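Below you will find one chain, with nothing else, as structure tokens; this is the form predicted alone, and questions on how it binds or moves follow later.
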Amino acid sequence: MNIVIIGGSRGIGRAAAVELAKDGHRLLLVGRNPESLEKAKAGLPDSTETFTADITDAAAIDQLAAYCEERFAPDGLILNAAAFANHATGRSVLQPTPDELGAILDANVVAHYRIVRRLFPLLQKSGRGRIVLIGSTAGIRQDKGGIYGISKWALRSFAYNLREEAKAYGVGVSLVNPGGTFTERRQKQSADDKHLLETSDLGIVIATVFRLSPQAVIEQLDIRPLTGDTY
């Protein structure tokens, strides 16, 4: 299958690429930084392609859609890119400004909405289209999520409604909600640090969506560290 990974240059997106490559899928990694994309491509099959785009830029999404139409007809779409709240006010819904809320909603919800609308006709043609949205357990919890949590609750609603509408077109929609995960933003304190998920855990979960039979779909999967979410 041809699979587009939005936010594929690092973290969960890169881990998904590693697992999907093992299964022989052809990949298109999308990210803002061309250097990071080239680093992410290292070690992946030669068939792996990259595309530089800021997903909050509507014109860049149009360019991505045109690229896919001409060179990379997608069977799968993984929406992994995300923006995060200011660390100092990250747990608050009173301190951030309306502009901060608008920016995080634009990056975490509106951009994904725009991508889906542009690429959905191509996924429909696939005959086995799959969309995977990477949410968060902040979109399930009812406390301490801040404006990031607001965006992930909105993404969760989008996933539910998209899933229902996409059924008629033979496109399956999966929502994966990770808890705390070791990434470039949240690094291990030591080699023995095991209090968060590994990105490889999420890579395996995402790849499983594409390993199922054509008539099967993972609707929602919540995955947390064994000790729970650690704020």
Ligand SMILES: NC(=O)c1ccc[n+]([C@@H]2O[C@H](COP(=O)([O-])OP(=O)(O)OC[C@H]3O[C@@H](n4cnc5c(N)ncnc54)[C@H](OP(=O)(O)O)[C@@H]3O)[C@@H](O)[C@H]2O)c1
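Residues carry their position along the shown sequence, with the first being 1. It should be emphasised that the depicted structure is a prediction, and the values quoted were computed from it without experimental measurement.
Not pictured, yet referred to below: the form predicted together with the named molecule.
Considering the named molecule in the predicted bound form, the lone stretch of 187-195, 66-74, 166-174, 53-61 in range is 53-61 [heavy atom distance within 4.5 Å]. None of Val110, Ile140, Leu119, Ala82 but one reaches within 4.5 angstroms of the named molecule in the predicted bound form through a heavy atom, and that residue is Ala82. Proximity of Ile104 to the named molecule in the predicted bound form falls outside the 4.5 Å heavy atom cutoff. The named molecule in the predicted bound form is not approached by Ile147, whose heavy atoms all lie more than 4.5 angstroms from it. Heavy atoms of Arg10 reach within 4.5 Å of the named molecule in the predicted bound form, making it an interface residue.
Not displayed here, the named molecule is kept clear of Ile131 by more than 4.5 Å at the level of heavy atoms in the predicted bound form. In the predicted bound form, Pro178, Gly179, Gly180, Thr181, Thr183, Arg185, Arg186 are the residues of 173-207 with at least one heavy atom within 4.5 Å of the named molecule, listed from first to last.
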